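A lone chain, given as C-alpha cells: the form predicted on its own.
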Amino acid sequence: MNIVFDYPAFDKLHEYFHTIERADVDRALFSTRPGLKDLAALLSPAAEECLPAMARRSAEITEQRFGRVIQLYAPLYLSSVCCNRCSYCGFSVDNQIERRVLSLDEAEAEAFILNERGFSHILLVSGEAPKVMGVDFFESLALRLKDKFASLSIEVQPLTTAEYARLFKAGITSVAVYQETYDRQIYEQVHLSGRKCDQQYRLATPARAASAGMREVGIGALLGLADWRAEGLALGLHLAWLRKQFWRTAFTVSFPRIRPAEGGFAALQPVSEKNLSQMIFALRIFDPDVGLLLSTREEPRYRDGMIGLGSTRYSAGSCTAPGGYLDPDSAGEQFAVGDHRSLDQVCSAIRARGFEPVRKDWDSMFQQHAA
C-alpha cells in the first residue's frame, strides 16, 4: 500500500496562528464539527485567556465519550541498545550508559511482575537495534504473554507492513510511534545518524501499522524540540489524515515532554505545563474520540490536576531501565520519570477525584459477553 502523508512546511503552519482572534476561539470551542482552523484557533495565543473554558469543554467531551474512567498501563523496557544517534535520548549510541538486552525469560518475568501488580495493559519498549532485538523476539514474547494481558502494545523500531501483520497475528494489538518533531529542519538537526534519520520512513510508519490490521495506532511529538503550537497543528493534520485513510483503526495521541536523560540534552523550545494543558484540551475538542495519554514523565501534582480534563490513559509505576521491575537499582534508564508513585497510589489519586481507574480491557470483556 503506497499511502503517504504529507504536510505543509513547518513555517507555513505558524502562519495559521497570526490572524486568529478571540471570536475564532469562541467559535471553535463549541463547534459541532471542529476542523483544522478550529484546532489552530484553540492552539493559538488568543486562546490562552480561554483556558478555563477549554478545560470545561474538554472535560465535558471526555466524560461524554469515555465516562468517568481512566485506563492504566505500564511500559516494559526490553533493551537499551540502540543504533541511532539522537541528541535528546538517553539510549543514543554515543551515551556511555550500562546497556542491557533482556532474554525472553527475563522479559516474561518482568511482565509477570506487572501482571501481579494489577496491570492488564502493557507497552513493550526497546531501543532501535533490529539485529539485537527484532521481530522474532517480539513475536515470541507476544505469544508468551498474550493470554496474561488484555492488550499488548509495542513502541519499537519502525517495521514493515508484513512485520506488523506478523506481530498482530502473534497477539500485539497496538503500535505507538512518535514522529519526535514534524519540523523537518529540527528533525535533521537532532537525528545525527542511524535509520531514524529517514524522517519520511518514520512518518509513514503509523499508516503501515494500521494497514497491517493493528486495532490501535498511537502518534505523538516530543515536546521541547520545536514550537509546540505548530507541533499540535501537525499532529491534528496527521490524525485527521489517518482517520480518513483507516477509519476502522482506533488512534491515540501522547504528549511526552523532554525529561532529564544521559547526555544532558536541554529542550530547544521548552513547553510549560500551561502550554501542555492547552494542547491536550485543543486535541480533545478537535477529536472527541481520540485516546489521549499522559505518562509518568509528568509530576504527580500536574497529573492529578489533569484527571478528567482530557486524558483517558495514565501510565503508573513506570521504570525506563530494562530489568528495572525485577531489580529497582538497574542502571541505564532512557529518561528520568517525574511520577514515582505505585499503581495503587495512582489509583487512589484517581478515585479521590471521583474517577475510576481501569486495569482491565473492558472491550475484550464486552466481546466475550456478546459472544
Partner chain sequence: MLTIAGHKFSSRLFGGTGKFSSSEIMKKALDASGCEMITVALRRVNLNDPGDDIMSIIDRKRYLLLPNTSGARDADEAIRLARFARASGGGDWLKLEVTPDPRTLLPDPVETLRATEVLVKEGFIVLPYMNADPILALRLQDVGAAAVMPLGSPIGTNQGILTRFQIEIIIEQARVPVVVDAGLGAPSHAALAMEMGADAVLVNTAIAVAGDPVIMAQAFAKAVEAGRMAYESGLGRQQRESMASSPQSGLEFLD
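Bear in mind that the values here come from a model prediction, so they are computed numbers and not experimental data. Residue numbers count along the first chain shown, from 1.
Unshown form predicted together with its partner chain; subsequent notes refer to it.
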Q. So which of V337, V346, A321, M306 gets a non-hydrogen atom within 4.5 Å of its partner chain in the predicted bound form?
A. M306
Q) So which stretch, 211-219, 168-176, 294-302, 155-163, is the one near its partner chain in the predicted bound form (non-hydrogen atoms, 4.5 Å)? A) 294-302
Q: Can you work out whether its partner chain is within 4.5 angstroms of a heavy atom in all three of R56, E60 and R248 in the predicted bound form?
A: yes
Q.
Can you tell me if E273 lies within 4.5 angstroms of its partner chain in the predicted bound form, counting non-hydrogen atoms only?
A. yes
Q: Although its partner chain is absent from this view, report whether S277 comes within 4.5 Å of it in the predicted bound form, heavy atoms only.
A: yes
Q) Does at least one non-hydrogen atom of Y77 fall within 4.5 angstroms of its partner chain in the predicted bound form? A) no
Q: Report whether the minimum heavy atom distance between A46 and its partner chain in the predicted bound form is within 4.5 Å.
A: no
Q | Stretch 22-37 - residues with a heavy atom within 4.5 Å of its partner chain in the predicted bound form | A | R22, D26, R27, L29, F30, S31, R33
